[in-house]
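Presented as structure tokens, the chain that follows is alone, the form predicted on its own.
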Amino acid sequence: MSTFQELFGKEPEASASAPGRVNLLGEHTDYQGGFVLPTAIPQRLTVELGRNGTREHVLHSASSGDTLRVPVGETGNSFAPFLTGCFELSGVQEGMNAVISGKVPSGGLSSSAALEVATLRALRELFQLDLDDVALALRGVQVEHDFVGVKCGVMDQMASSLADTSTMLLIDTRSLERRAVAFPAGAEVLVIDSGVSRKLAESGYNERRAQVEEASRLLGVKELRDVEDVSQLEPLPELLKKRARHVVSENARVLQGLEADAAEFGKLMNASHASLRDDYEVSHPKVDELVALLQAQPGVFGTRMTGAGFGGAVVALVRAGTAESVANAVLKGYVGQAHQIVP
């Protein structure tokens, strides 16, 4: 692993890190003003920055060993847009040296948000930017929209910027109000990567967003957050009804989960996965296989895909102290390259 000093001959001027996140309940609701319940994961990404006095950004990934060179004012490709977008929106006018290190697994755990938040934190330090943690998260969302090409909601960046690993973070994605919520007593979180990779900009993510926006328009509401009961969805065409039904029912599940014990919370997670699989159609056969294996294990209260879908990770709520044994049993029965991430 190359250090900043080894690559650029001097120490970085600023350094910052940010965690990935896993979402317990509230998937695909954040771009419709809904409620979400993520928590940070232990894995973090670190970004070191320094000015180089040229008109070119030099961006190095310690994990892959790749170094990208991007002229100032251009976006670049691969992992470059996550950094160059942050540079552009933060008013950076000169070339930057950057080293990315650490590891947030890709696939539903918001590695992109962690990279954006870490980069923006380092820029805030270097240039004394007037950005609080919420404004910083919103700038990360703008990077996704304008430079990466994914019309994401606000959950991932808000979680990376504001969540911790000891509690869940309830976020009202319309008002951005938030509060810490304790995990259900007697339970712990297990996260397993299915080994199925996906790229959001190449998946159906933007298509799903367009579909629920059309459903809102046809219903005459600002967002599906404003629909109180699934019976109000009857006038919609069948496909849009399915998409909207997921969002409306998922919002209800988040609110129900706030006071639920571990058993009830697990049932809500199972229902969430079924809704994401059948109504929103963003799961994947291998993810469904992994979910089914987990659901069959003693000590598992509930499980679901997490993140945008089309592959990636699953999250399970399991009896405290059983995560390792549950993971070992499930991975033995799974055909694929899955591996445990958390705890």
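These numbers were taken from a predicted model, which means no experiment stands behind them. One rule holds for the numbers: they count along the sequence shown, beginning at 1.
Beyond the structure shown, there is the form predicted together with a small molecule, which is absent from this document and is the topic of what follows.
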For this session: Report whether the minimum heavy atom distance between F301 and the small molecule in the predicted bound form is within 4.5 Å.
Result: no
For this session: Give a yes/no on whether D30 approaches the small molecule to within 4.5 Å in the predicted bound form, heavy atoms considered.
Result: yes
Problem set entry | Any non-hydrogen atom of A308 within 4.5 angstroms of the small molecule in the predicted bound form | yes
Exercise. Applying a 4.5 Å heavy atom distance criterion, does V154 contact the small molecule in the predicted bound form?
Worked result: yes
Exercise. Any idea which of 258-266, 125-133, 221-229, 145-153 reaches within 4.5 Å of the small molecule in the predicted bound form, heavy atoms considered?
Worked result: 145-153
